[in-house]
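Take a look at this single chain, the form predicted on its own, given in structure tokens.
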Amino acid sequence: MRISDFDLYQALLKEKSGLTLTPDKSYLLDSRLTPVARKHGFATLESMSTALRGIPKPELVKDIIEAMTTNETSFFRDMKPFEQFREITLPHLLKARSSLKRVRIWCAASSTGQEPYSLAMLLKEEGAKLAGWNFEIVATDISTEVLETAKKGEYSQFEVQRGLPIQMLMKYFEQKGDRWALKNEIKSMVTYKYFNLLDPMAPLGRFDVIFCRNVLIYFDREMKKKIMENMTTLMPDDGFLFLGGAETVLGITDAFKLMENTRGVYIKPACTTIAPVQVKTA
């Protein structure tokens, strides 16, 4: 690919989605954008690039952004965040929100739904403890294609084998041919919406917990700072932010701090109501 074309797609991706495409990922352009070019009637990537330099159709730009968005995910990915949600976040919220009995969770960049559905199953497993409570899970993504996949709640054998305990598979899924379909009791717990992390977040409402895992690694420092500082405005003083294991707020923003003795759990610096996590000893 010509350097000028790489620069074109790099700038487009940054402007429309905030994602940073580095030169070492240039190989992705050929593999991911060639099908887009064919779909829109272009013989080559070069001819599509020429069209983009004019007045491109919104549908073309949308398909390019979706093709270049990474959608790697799995059920209970990395597991540790879900354990910390169950053992740290949930007990605090059940105590702190006992009068309202309402909790809102946002899964940002939720891809094909495995993360929000994992949270829904985890909550379902709490059973009677959550009787009378309203847990709302809002899942968003910039790709309408993956959102439609998530709404269907149907997964291949390979997808359900990645991280999903067999007990939950048999309890919350029904087999349909060679695929597995989530039961409505889990699907109904999640609301899916299109959302670009560059857009104003206030319309989404307030959240007690935000999962934004393994997506900020694709943004530059200034964009990470902007996104996290926008997120903090949606959260109460005792809100929780979950980031991926390779992500941090250090050197980026003072809006959050790592919760002691946790991995990837962040809280507001001024928060004094969340009990510190005790280190388990043998």
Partner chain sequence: MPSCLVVDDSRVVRKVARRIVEDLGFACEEAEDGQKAYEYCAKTMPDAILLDWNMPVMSGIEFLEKLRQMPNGNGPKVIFCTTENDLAHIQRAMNAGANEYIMKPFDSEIIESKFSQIGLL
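Numbering follows the first chain given and starts at 1. Every value quoted in this text rests on a predicted model; they were computed, and no experiment measured them.
What comes next is about the form predicted in complex with its partner chain, which is not displayed.
Participant: Give a yes or no for Val103: in the predicted complex, does one of its heavy atoms lie within 4.5 Å of a heavy atom belonging to its partner chain?
Facilitator: Residue-level check for Val103: no, no contact with its partner chain.
Participant: If we define contact as a non-hydrogen atom of the residue within 4.5 angstroms of the partner, is Gln161 a contact of its partner chain in the predicted complex?
Facilitator: Contact with its partner chain, yes.
Participant: Heavy atoms within 4.5 Å of its partner chain in the predicted complex: does Pro165 have any?
Facilitator: Judged by the heavy-atom cut-off of 4.5 Å, Pro165 is in contact with its partner chain in the predicted complex.
Participant: Please check if Ser98 has a heavy atom lying within 4.5 Å of any heavy atom of its partner chain in the predicted complex.
Facilitator: Ser98 lies outside the contact set for its partner chain.
Participant: Counting only non-hydrogen atoms and a 4.5 Å threshold, tell me whether Gln157, Met170 and Trp180 all contact its partner chain in the predicted complex.
Facilitator: Per the other structure, all of Gln157, Met170 and Trp180 touch its partner chain.
Participant: Using a 4.5 Å heavy atom cut-off, which stretch among 146 to 154, 172 to 180, 130 to 138, 114 to 122 contacts its partner chain in the predicted complex?
Facilitator: That would be stretch 172 to 180.
Participant: From first to last in sequence, which residues of 72 to 107 have any non-hydrogen atom within 4.5 angstroms of its partner chain in the predicted complex?
Facilitator: Residues within 4.5 Å: none in this stretch.
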